[in-house]
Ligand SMILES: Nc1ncnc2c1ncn2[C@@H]1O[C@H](COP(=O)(O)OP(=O)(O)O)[C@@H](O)[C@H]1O
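In the block that follows, a single chain appears as structure tokens, in the form predicted alone.
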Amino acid sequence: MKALVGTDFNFPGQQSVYHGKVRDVYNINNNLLVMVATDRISAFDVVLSEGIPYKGQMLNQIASKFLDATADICPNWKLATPDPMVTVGLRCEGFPVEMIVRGYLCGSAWRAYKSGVRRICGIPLPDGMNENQRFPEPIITPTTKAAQGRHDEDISKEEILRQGLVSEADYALLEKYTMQLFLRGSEIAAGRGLILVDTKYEFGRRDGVVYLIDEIHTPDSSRYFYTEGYDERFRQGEPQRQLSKEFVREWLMANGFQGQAGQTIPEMTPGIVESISERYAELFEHITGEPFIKGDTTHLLSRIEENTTQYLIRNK
């Protein structure tokens, strides 16, 4: 199995390229973006040593499906997916915050709560909650959109407005879109026997219009529980069966790595890599309700370049 861990294309009209943790983003004529979902994988804000075959294709196709399924809620950046690993869309000026929405107390929020924290992003949390407990209503816990190489940080709505990161009117719209998108995602998940636990959304502006940008409802940006067995596991205090990238973080933590200075990424053997790829395929099929069909990786770079270039030429 081949993994795509890096690209260096030169597309028609290309102005620049940004290599993110897991995606390579090409600026076309300062008008469009070509987003290549590579097979790189990150955890704890660190890119791991091996790529995961087909991961990029799976995440790109999940995001594409959910962008289409939520386009009636708010405009989004997507124009086309000319290749299984590529989305082409409108170039927007991103807001400097990410909108995290949580329906349940788990993950980093639970770790903070367990340590005694009772206020997240300015939102008070009651005493006596347990791991994986459902909030009475979903809460929005934004983070800053950090520069490359830096960690995103929790921030309150009040602080966002005080710093002028987002205007009051824009923030109200971001909150509205976030809750409506989360509700839609939760409804779709419920139809597939899943619970959308938490997720993140990013937004940008173009010609005065606010757009949903980036990926949505993928296992890299979201956490899902299986509905079946949730109540019993919660009552017994047992870990939930979940669909997310958390299993990668758990494997890293079990091997002494949490992204902290001086820690070494554990060896990713071929067996580990293959098991992660298989787990992503399981996520894909449960989240989309469709079988995962592997793309032809024989000439992966040339396939992506040809498909994307043809699209750009046809849609000048």
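Position 1 is the first residue in the sequence shown; the rest follow in order. Since this is a predicted model, take the numbers as computed values, not measurements.
What follows is about the form predicted in complex with the ligand, which we do not show.
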TODO: Counting non-hydrogen atoms within 4.5 angstroms of the ligand in the model of the complex, say which of Lys157, Arg184, Lys245, Arg91 makes the cut.
DONE: Arg91
Task: Selected contact from Arg192, Lys145, Arg118, Arg134, since only one has a non-hydrogen atom within 4.5 angstroms of the ligand in the model of the complex - done: Lys145
Task: Segment that reaches the ligand in the model of the complex - one of 234-242, 207-215, 124-132, 109-117, heavy atoms within 4.5 Å - done: 207-215
Open item on the list: Quick one: Tyr171, Lys176 and Met179 and the ligand in the model of the complex, is every residue within 4.5 Å by at least one heavy atom?
Closed with: no
Open item on the list: in the model of the complex, is there a heavy atom of the ligand that lies within 4.5 Å of any heavy atom of Lys21, even though the partner is absent here?
Closed with: yes
Task: Interface membership of Tyr230, the ligand in the model of the complex, 4.5 Å heavy atom rule - done: no
Open item on the list: How about Val25 - does it come within 4.5 Å of the ligand in the model of the complex, if we only consider non-hydrogen atoms?
Closed with: yes
Open item on the list: Test of understanding: in the model of the complex, would Ile276 fall inside 4.5 Å of the ligand by heavy atoms?
Closed with: no
